[in-house]
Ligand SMILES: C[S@@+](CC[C@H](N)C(=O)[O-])C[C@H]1O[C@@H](n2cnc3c(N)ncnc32)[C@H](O)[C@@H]1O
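Here's a solo chain for you in structure tokens, the form predicted on its own.
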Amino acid sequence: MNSSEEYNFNKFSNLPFYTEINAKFLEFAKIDDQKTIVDLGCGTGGITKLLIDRLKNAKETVIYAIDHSKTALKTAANEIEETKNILVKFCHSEVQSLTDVIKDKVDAIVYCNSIHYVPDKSDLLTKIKSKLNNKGILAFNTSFFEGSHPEDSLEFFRKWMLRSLRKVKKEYGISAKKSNKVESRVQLNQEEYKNLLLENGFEINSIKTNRIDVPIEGWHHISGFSDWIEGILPGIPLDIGRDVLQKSLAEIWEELKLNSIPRIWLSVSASPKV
């Protein structure tokens, strides 16, 4: 198993609470009557499976499941059964190469909890707009935006981060390099996302935030995700970072007698301006 597979997002994305978040996101997106849908950054198919479940009574629907990971696409293809009315086409591609794999215009594009990774969001939105029909829908969400941490979660994060930094120094004799910042940590706020869409030829259908109570399993598994480790402990080897974050989490969780810690998800629906 290579490092990208060992430290990926899959364990977190398979948790029941996260599936529930995605199901509510698809309700928000209002794309059930669309015939051609792109699941952008589909990973191992969590959103794709939810789409199939929602659309199972639809006629002649096509879902394009796009991801940069061949391993993730293979997993998704193996887990998703043939459906009578829905055709799923798996496409190996970087998100930014959307226009290379999707030749015709589509009715909807969903992009789940990943837009924060894209360095040139304007370029991506231009490409998405070029592939949407006039009444098409772009729906995306993210939990990595400025405003994702509620006020009542800040004590937990402060204690968790400080404990982790001290532990990595004490137990391993190394320190994080704060200058090494991953793209997911360079965050926009809600208003900036709104303006970005407007500047790139979209109109906003709906925009909302949801407060989600994340259980300890969520924080434990996200601590094994490479981008989370690199965001909190930049420059620290992934195996050490995971170990330190998960141990510190368990200690702080017990000390503060926690049941869950909230996080805010931002959801946006937009369409090309006609």
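Counting begins at 1, following the sequence as shown. Keep in mind it's a predicted model, so treat the numbers as computed, not measured.
The form predicted together with the ligand exists for this protein as well; it is not shown, and the discussion that follows is about that form.
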Notebook entry, point to check: Which among 157 to 165, 129 to 137, 95 to 103, 189 to 197 is in contact with the ligand in the predicted bound form, heavy atoms within 4.5 angstroms?
Noted result: 95 to 103
Note to self: S69 versus the ligand, in the predicted bound form: is there a non-hydrogen atom within 4.5 Å?
What the structure shows: yes
Notebook entry, point to check: Just to confirm, I37 within 4.5 Å of the ligand in the predicted bound form by heavy atoms?
Noted result: no
Note to self: in the predicted bound form, is there a heavy atom of the ligand that lies within 4.5 Å of any heavy atom of C112, even though the partner is absent here?
What the structure shows: yes
Margin query: Taking any heavy atom pair closer than or equal to 4.5 Å as contact, tell me whether G43 reaches the ligand in the predicted bound form.
Written below: yes
Check: Of L233, I47, V244, A65, which residue is found within 4.5 angstroms of the ligand in the predicted bound form when only non-hydrogen atoms are counted?
Finding: I47
Next item on the list: Heavy atoms within 4.5 Å of the ligand in the predicted bound form is the criterion; list the residues of 12 to 28 that meet it.
Entry: S13, Y18
